[in-house]
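Let's start with one chain on its own, the form predicted on its own, as structure tokens.
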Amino acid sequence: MKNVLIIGSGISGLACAVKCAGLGLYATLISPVSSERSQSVMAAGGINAVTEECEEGDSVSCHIEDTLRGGARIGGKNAVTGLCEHAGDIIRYLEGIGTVFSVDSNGRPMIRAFGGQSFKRTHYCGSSTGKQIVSALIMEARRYEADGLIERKLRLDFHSALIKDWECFGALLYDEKKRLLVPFYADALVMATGGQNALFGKTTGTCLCDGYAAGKLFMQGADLKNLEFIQFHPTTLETAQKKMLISEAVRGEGGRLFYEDGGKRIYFMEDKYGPKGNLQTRDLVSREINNIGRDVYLDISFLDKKQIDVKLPEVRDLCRKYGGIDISQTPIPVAPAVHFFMGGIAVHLNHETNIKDLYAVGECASMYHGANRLGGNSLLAAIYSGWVAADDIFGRTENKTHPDFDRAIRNEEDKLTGLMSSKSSFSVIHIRDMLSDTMRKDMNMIRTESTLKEGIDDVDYLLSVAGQIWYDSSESTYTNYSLTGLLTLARAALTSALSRTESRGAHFRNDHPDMDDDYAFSTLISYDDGAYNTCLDKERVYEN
């Protein structure tokens, strides 16, 4: 029986594990925390699919076109077609395993409008869609656990992949409790580790999805793709700890953006883009809010209070708890914040990387979304990508024998010992804070050559001292050893943004504000002994 090792137990990891088990493969799910604490539970708005209940005139081909157009034409057509064609099947599957989608009084599924879509096609579970899907997938995973086909292991952190001659044989994990590295050998390794939130510190997501895995695999030879495309969600609520997401569902239910001028409300998105102005793509809405240069608000108070209670209960509770705001009476102060990473590990159509038997799924893989993701497509892509990887692994040859990694593992253990005994005047947490300050300043929504170069210089300095700093024993070993991977990933993202001298989707260069057809390709970046090599994927090496 083939053994599949999956790092990450959010929706994409769970979907992959359940699919593997259904095919008769043995899947091991690895994560530092339980699935109930994954970022996936935070996905509020919904999941896109064209089904029989969608609006008249909508079609799968329209969903495909909306996704490609929203991604500024660099999302792979074959990949997007597969995603959208399977969306209806995914909705029916989720219903079949217990996901409770919202329905009207006649029992028909309710759908809402999301930005960048020609028709309403976003199915939802109130404002807790991700939580509902995670719960349903957990129950499926437990069923296969009882059959001995899935095993879940917690409190383990990813350290590195076990790679030899461009082939992957599993992963090296760190057990924080036992303070030791543990090798897990497998016929295939699937990364489902989410986005790169720790690079920016304060985002809408959890820093458990920090980007280290992508940075480490990059250093081990895996190509990365489209790192310059970072989605800023236009509507978040500022708190002391993080940016709280105000779901696009609010605007999907009719919420209106405005600012005040002389005591008068100016509905700037509607004034500029017409009746559907509030539901433009996220990159565009975020830049428009940024350009206003004053406080912006989102108003849903005109909606009947009972409708708010039914359709937006989590947004209602979030605003009340963290902002003291009754959204049925008062508009919500909002501002853009880092939300989603279109870029990540480069994968082929089957979700395999340039390293044999190493796969990436979900947000950590760069696929489907091009230069800008449409709301409602992330949950869809998380499940579909997990399925695609599982199907491909199932179709491969039987179990393989792994080479001897004992010496390599001892070398890594020696490095960790040396790491934890090093001293200097700065702690690792101080360096991580400096990194997030740099990224928020120089890799912000609006970029220029000079700011990107400043960011590269700052990260280069942090990399130069990373091996000499004081590693704080009060922090987890993972927090300490992950630093260089995070810095390397940040350097790669800044380098990718500098190389794209145009504006496209979520990447906006103030010194190159127009879209350039010469750049209508993905950005690839590879790592070679400290060198960061970028190119446009004009040969469609990752044709998807």
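Each residue number is its position in the shown sequence, starting from 1. Since the structure is predicted, the reported quantities are computational estimates derived from the model, not experimental observations.
The same protein also exists as the form predicted in complex with a small molecule; that form is not shown, yet it is the one meant from here on.
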For the three residues 75, 285 and 387, verify that every one has a non-hydrogen atom within 4.5 Å of the small molecule in the predicted bound form; reply yes or no.
no
Even though the partner isn't displayed, in the predicted bound form is residue 523 close enough to the small molecule, meaning a heavy atom within 4.5 Å?
no
Residue contact check: residue 199 to the small molecule in the predicted bound form, 4.5 Å heavy atom:
no
With heavy atoms only and a cut-off of 4.5 Å, decide whether residue 17 touches the small molecule in the predicted bound form.
no
In the predicted bound form, residue 515 touching the small molecule (heavy atom, 4.5 Å):
no
Per-stretch contact check against the small molecule in the predicted bound form, the hit in 259-267, 304-312, 452-460, 150-158 (non-hydrogen atom, 4.5 angstroms):
150-158
Just to confirm, with a 4.5 Å cut-off on non-hydrogen atoms, which of 208, 434, 349, 182 contacts the small molecule in the predicted bound form?
208
